[in-house]
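Read the single chain below, which is given as structure tokens and is the form predicted on its own.
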Amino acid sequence: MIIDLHNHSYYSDGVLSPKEVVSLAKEQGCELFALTDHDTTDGLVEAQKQADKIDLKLIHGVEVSAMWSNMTVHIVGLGVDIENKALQAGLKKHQEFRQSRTEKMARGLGGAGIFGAMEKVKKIAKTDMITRTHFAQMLIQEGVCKDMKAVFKRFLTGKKPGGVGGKWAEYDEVISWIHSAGGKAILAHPLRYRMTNTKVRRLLSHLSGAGLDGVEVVTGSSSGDEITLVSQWAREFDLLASSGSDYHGWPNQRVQVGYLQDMPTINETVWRDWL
């Protein structure tokens, strides 16, 4: 069974429309699929219409940025009510910060000799939601950097020219938004935060204490050893296991919808009540 519960459309930093992403999931054999755009649920109405048309079980989701120990982590909300006022009020605050961050990033890049950054990024983005990924893709297309790793190393983190510190809500508040909307709160890609394993365990301890429901055990880039490790952590902290590719669709990214390793059978899964 192919279950992919972490994917993006052009309503955040993906390439395809919600309709196209849902259709691709069906083509790839997904039986359960979630659209989880960054800090917005705007693409879910279109996604649901297409899912109904092609008979694909769609889980309404959103990937929310959050602060933990002065670091940014991502918490995926799955099975959320997109009409929930608490969730939408929180997402609106994040969207407003994203807009101001975009302007600061463009100014910072301009100071480093990357002129017209805002206009170039707007040509890449298909909605008003502009993310760091859009800036990264612009810098690659302009030939300034060869790949995403080089972009973030040179321009988009810390005190680099396009680096802008996060002003997201704290992790416990984000978890409360998701729960208010009837959803499950899942820590996304726990091994991608440039933390030691000891620090990731501390992160999981704090978030589970605040009501975190689960963690992504299987991602689109997970190795077998990583799956085993995160699976052990899930059991240790009594967390549900989730699986998601984090598909965006950019040509320089290898991740594909539904291309995921198997979930260890020893874990309780977040989708146990959805099938």
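Worth saying up front: this structure is predicted, and the values here are computed from it rather than measured. Start at 1 and count along the sequence shown; that's the residue number.
We do not show the form predicted together with a small molecule, though everything after this point is about it.
Out of the listed residues K160, H179, K120, R98, R98 is the one that sits within 4.5 Å of the small molecule in the predicted complex by at least one heavy atom. Of the heavy atoms in H248, some are within 4.5 Å of the small molecule in the predicted complex.
In the predicted complex, N84 stays away from the small molecule, with no heavy atom inside 4.5 Å.
When contacts are judged by a 4.5 Å heavy atom cut-off, V200 does not count as touching the small molecule in the predicted complex. Interface membership of T131, defined by any non-hydrogen atom within 4.5 Å of the small molecule in the predicted complex, is confirmed. Looking at 109-117, 145-153, 84-92, 169-177, the stretch with residues near the small molecule in the predicted complex, meaning non-hydrogen atoms within 4.5 angstroms, turns out to be 145-153. Heavy atoms of every residue among D13, H38 and R194 are located within 4.5 Å of the small molecule in the predicted complex.
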